[in-house]
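To begin, one chain is listed below as structure tokens, in the form predicted on its own.
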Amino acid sequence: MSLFIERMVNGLADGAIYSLLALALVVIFRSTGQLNFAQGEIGTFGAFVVSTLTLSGWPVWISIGTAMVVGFAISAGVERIVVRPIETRNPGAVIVALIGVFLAVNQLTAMIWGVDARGLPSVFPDDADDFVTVFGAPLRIARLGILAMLAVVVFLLWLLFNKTKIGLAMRAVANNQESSNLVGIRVGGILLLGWGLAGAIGVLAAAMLAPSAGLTGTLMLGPFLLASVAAVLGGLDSPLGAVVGGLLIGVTEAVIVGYVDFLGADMLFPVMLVILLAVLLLRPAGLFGSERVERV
């Protein structure tokens, strides 16, 4: 029983990383209908910034906050410099442009910091004796801290979207950009804010993952793929779906690795794709997504 609890908590902690990335994808998709394929690489770039600052003597929390500002600026710059000009002329080319941004940020990271793995301290106590015991299961404080971080981010996003004028404007733009523009909402500024916010969340996710996974240029490649599945599984227009989808994938990963020996970790992605296809066949909008209604 204790081993099961430990594996489930570890799976939920991994799922929290996927949920954060999926939330970043959903924030952008709700307002623009685009998936930012460079989201993971922007997060990785930010994690390297955190590493550089902490090695320079900065406290880890301040380093993460500073890197989130950098991620905000990069992602907002992508929206303003790359996405917006192309979208007005050829919307279909935005996907190709974002893949180009993915490659560019990846190469920039390698040019600045090289390809060798780097260390990154955890924001939570992460020594061998830093754990709490629940029903006989030793649960690492760092893993519980990641779950707490997800809860804080979800709560802050809920406050933003439901209790502030900016959040209401973001929801209006997500529903109808043309109508929002007619009632005086500065749609361009709201889109810029949404992209920047997603970039900051992506950096936070990378900074939570790097201490345990190791900081390399490919840090977010696998998690980004799983986060994309989580976003689609939960519904690309649903923040709640992004969170639930990410946690479900984390738990499923823990079950496969811990209890399904004939599959193992190598079969994780194929299994996730099969689950995704099954859900989409039954509910194309995802578990929590809104069904599109079209007039005939």
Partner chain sequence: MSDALLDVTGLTAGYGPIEVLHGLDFSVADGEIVVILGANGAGKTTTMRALSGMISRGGTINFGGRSIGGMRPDAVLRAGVSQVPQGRGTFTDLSVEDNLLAGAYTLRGGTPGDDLDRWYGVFPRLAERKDQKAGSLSGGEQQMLAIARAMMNRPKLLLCDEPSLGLAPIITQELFQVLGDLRDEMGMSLLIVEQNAGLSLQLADRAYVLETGDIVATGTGDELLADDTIKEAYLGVVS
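Residue numbers count along the first chain shown, from 1. Predicted, not measured: the structure shown is a model, and the values here were computed from it.
Separately, the form predicted in complex with the partner chain exists; it is not shown, and the next lines address it.
Though the partner chain is absent from this view, in the model of the complex it lies within 4.5 Å of a heavy atom of just one residue from T216, N181, N106, S212, which is N181. Proximity to the partner chain in the model of the complex, defined as a heavy atom within 4.5 Å, holds among I185, L225, L192, I86 only for I185. The partner chain is not drawn, but in the model of the complex it has no heavy atom within 4.5 Å of R118.
In the model of the complex, no heavy atom of L139 sits within 4.5 Å of the partner chain. Looking at V154, you'd find every heavy atom of it more than 4.5 angstroms from the partner chain in the model of the complex. Contact check for R171: a heavy atom falls within 4.5 Å of the partner chain in the model of the complex. Comparing 161-169, 73-81, 89-97, 197-205 against the partner chain in the model of the complex, the single stretch with non-hydrogen atoms within 4.5 angstroms of it is 161-169.
Counting a residue when any of its non-hydrogen atoms is within 4.5 Å of the partner chain in the model of the complex, there are no hits in 47-77.
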